[in-house]
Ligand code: C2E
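Given next, in C-alpha cells, is a single chain: the form predicted alone.
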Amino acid sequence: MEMEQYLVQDVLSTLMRHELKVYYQPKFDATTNHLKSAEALVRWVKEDGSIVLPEQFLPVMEQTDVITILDWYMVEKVCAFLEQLQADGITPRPVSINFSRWHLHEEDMPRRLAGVVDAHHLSRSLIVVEITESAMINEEERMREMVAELHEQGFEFSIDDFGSGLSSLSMVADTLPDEIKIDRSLLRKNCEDERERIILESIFLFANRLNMRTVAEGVETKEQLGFLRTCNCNLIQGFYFDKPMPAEGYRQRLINRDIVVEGEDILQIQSETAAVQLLLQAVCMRYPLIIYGNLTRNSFYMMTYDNFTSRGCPSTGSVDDLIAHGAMSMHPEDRELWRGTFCRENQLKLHGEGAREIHLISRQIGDDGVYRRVETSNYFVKSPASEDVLVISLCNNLEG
C-alpha cells in the first residue's frame, strides 16, 4: 500500500514538472480513410526521454478520486491545444477524453467541463466524454443522469471497451450514447473466426439501427480493416493507421488529413450481414412499409415505416389486430376484399395450398384525408429455426 501511495504522489508531482504529456491517436473513416477525430491518451515522459505507459500507473490512480485531477489536467491540455490549432488556421477535429468512474459523483461535472471548453473559445462538439463500460456497473441511475446533463450541455458521450463482457444493453438503451468503441478483445482472432465475426456483425447491426457511431479500436491488420468495412463500422483506431503521437505529430496529421492504404473490392469481401443490410437499403427504397408477421403465433413487428400514406399503424402486436386496423383505413368499397385477402385464416389456407405470395391493390386513406392506391405484397417465407408460417409484407404507395 505504501508503494502504491508513493506511486500516486510521484505521478502527481509530474504534473508540476510537466512530464505528463497528451498523446493523440487519430481515428479514420473506415471507408474513405479521412481523419475524423482522435483520442487523447496520457504518457509520462521523463526527463531522460523514457516513456512510462499508462498501464504502469493509471490502475493505481483509479483506485482513488485522485484520478480526477489527472482527468481535468488532460481536459485543460487538450482544450489549449485545440484553441491553438484554431488560432493557427487549422481546423480541429473532435477529441475524446477518458473520464473515470469517480466523475459520476463529482458535483456539476458537465457544467465544469462546459466552462473549461468555453474559456478556450471552442465548440463543445469538439470534446467527447469517454467512459469505460466497467465504470457503469452499479452506477446505472447516476450514469443516466450524467449523460442527460452532458447532452444538455452539448457534449457527446462515448462508451469505451464495449463488448469486454460487462455491457448492459439496457444501459446502452437508457443512456443513448452517441458512440460505442468496440473492445479490442473482439478482434483478437483477426476477424477470421466465425464466432468472432458473428458477434461483431451483431454489434454493428444493433448500433447502426440505434444511430450510434461505432469505433473499432486496436485495428492492426488488413484483414481486420477489410472485415470491419463490410460491417459498416464508422471509425477505425489502431496501429494499422497510426500509433498514439505527440501533439506536434498529430498537428501534422491534421494538415495531411488522409491515410493511403491498399484498396480492396468491398464486394469481394462483403460479410453476410453487411450484404443483407445493403439489400434492405435497396428494398426500403421501393417499399417504405415492411412488416414481419408470424401467422402461426399471431404476432408481427414493423421493420420500417417511412413516408407511407398513413402513419397510424401500430409497430407491433397481433396480426389479427393489424388486419382489423388496416381494413378500417381502406376505402369502404375495398375493405371486405382487403380484410378477406389478408386475414390470418385466408393466408394460412393459401399457404397450405402451396401459394408463395399474395398481391392486392387497394385504396387507403392518408393522414391528409386523401385516398391513394396502395400495393400490398405478402411473401411466405421459411425460418430454419421453426415450422411457423412466416410472412413478410411489402407495402408501397402507387401515388405520390
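Treat the numbers as computed from the prediction; the structure is a model and nothing was measured. Just count from 1 along the sequence shown to find any residue number.
Separately, the form predicted together with the ligand exists; it is not shown, and the next lines address it.
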Which of 139-147, 110-118, 171-179, 237-245 lines the interface with the ligand in the model of the complex (heavy atom within 4.5 Å): 237-245
Proximity to the ligand in the model of the complex, single hit among Arg124, Lys77, Arg229, Arg184 (heavy atom within 4.5 Å): Arg184
Residue (of Glu217, Glu201, Glu156, Glu133) lying close to the ligand in the model of the complex, criterion heavy atoms within 4.5 Å: Glu217
Within 4.5 Å of the ligand in the model of the complex, all of Gly326, Arg373 and Glu375 (non-hydrogen atom): no
Contact of Ile67 with the ligand in the model of the complex (heavy atom, 4.5 Å): yes
Close approach of Ala30 to the ligand in the model of the complex, 4.5 Å, heavy atom: no
Partner proximity in the model of the complex: Val42 to the ligand, non-hydrogen atom cutoff 4.5 Å: yes
Non-hydrogen atom contact Pro54 with the ligand in the model of the complex at 4.5 angstroms: yes
Residues within 4.5 Å of the ligand in the model of the complex, restricted to 69-105 and counted by heavy atom: Leu70, Asp71, Met74, Asn98, Phe99, Ser100
